[in-house]
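Take a look at this single chain, the form predicted alone, given in structure tokens.
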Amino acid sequence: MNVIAAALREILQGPVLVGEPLRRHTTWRIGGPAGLFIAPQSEEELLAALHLLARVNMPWLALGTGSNILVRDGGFRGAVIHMGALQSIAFRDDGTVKVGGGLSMMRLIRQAVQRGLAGLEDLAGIPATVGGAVKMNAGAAGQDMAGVLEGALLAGSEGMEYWTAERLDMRYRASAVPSDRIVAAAILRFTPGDPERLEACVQQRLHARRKAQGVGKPNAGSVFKNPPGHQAWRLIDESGLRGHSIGGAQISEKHANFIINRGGAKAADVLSLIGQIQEVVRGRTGIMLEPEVQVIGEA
């Protein structure tokens, strides 16, 4: 591991850390160590890192804000690639906007709204980066990334490739971004709107999100996808599970589709609670809830 770390330090300006605790980088504040933790400072550094990791056959994981992810207690033996430095944003003459995969969704939305560009204002407050939002087709209140996405630059060990929105096949909380590619940048096209109206919408969404989802403890957002015709939180609530806990993990008293870390929660606690929710809800309704959070690493 130290040999690979030394090779990465030769090509990267950002940090290259061995054994970095991933709980420091996830919104759940849960997760064992990363074999390597790196932070490329540009698309060129990202490509160089992916090429090197492929040569040594080391698995990797892209990380943005660390929301919507559960890292197991044994950590991740490969390389965690933090995308936080890729935050460029360029409003182009052809009406499109090129944004770096590490740019926060909130920063993108604010800049778009200031310019009277509509299409993502209902996503205000979602704790995600652009890259993660593209990969999972993040959405809220009828809007999603698919509604503004023209295409994305996907980085892999062999270089950068442009995929159109059609090829990306955006679906409910999913896309066709391959597991061996990272969304380095997205090309978006908004629609004209009134800046004041858009800003009012943003404030309304932020207020509603704080009111409904301000659970007060570390969490990863919604744990389960909404089944067709149903709301996951309601199914959990009506199954009598609101407030139920295992170890340091608890179903939020405020929002039943959130699992909070009350302090000292392990990934094993969260996984046990997820399994129990699925079992109880299926027994009561016949519906198997599908997790929205990505589970990675080893027990």
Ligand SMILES: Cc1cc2nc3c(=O)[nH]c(=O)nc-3n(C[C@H](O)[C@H](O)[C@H](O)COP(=O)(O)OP(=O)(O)OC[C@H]3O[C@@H](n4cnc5c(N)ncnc54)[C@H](O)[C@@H]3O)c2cc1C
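All of these numbers come straight from a predicted model, not from anything done at the bench. Each residue number is its position in the shown sequence, starting from 1.
Another form, the form predicted in complex with this ligand, is not on view; read the next lines as being about it.
- In terms of contact with this ligand in the predicted bound form, the residue from Leu36, Leu47, Leu53, Leu63 that brings a heavy atom within 4.5 Å is Leu63.
- Interface residue among Pro127, Gly116, Pro227, Gly151, judged by heavy atoms within 4.5 Å of this ligand in the predicted bound form: Pro127.
- Among residues of the shown chain, Val177 is one whose heavy atoms approach this ligand to within 4.5 Å in the predicted bound form.
- Although the partner is absent here, Arg209 is a contact residue: one of its heavy atoms lies within 4.5 angstroms of this ligand in the predicted bound form.
- In the predicted bound form, Gln213 approaches this ligand with a heavy atom inside 4.5 Å.
- Among residues of the shown chain, Gly221 is one whose heavy atoms approach this ligand to within 4.5 Å in the predicted bound form.
- Heavy atoms of no residue among Gly31, Val71 and Gln250 are located within 4.5 Å of this ligand in the predicted bound form.
- Residues placing heavy atoms within 4.5 Å of this ligand in the predicted bound form fall in a single listed stretch, namely 133-141, out of 193-201, 133-141, 91-99, 157-165.
- Within 4.5 angstroms of this ligand in the predicted bound form, the stretch 265-292 places a non-hydrogen atom from Glu292 alone.
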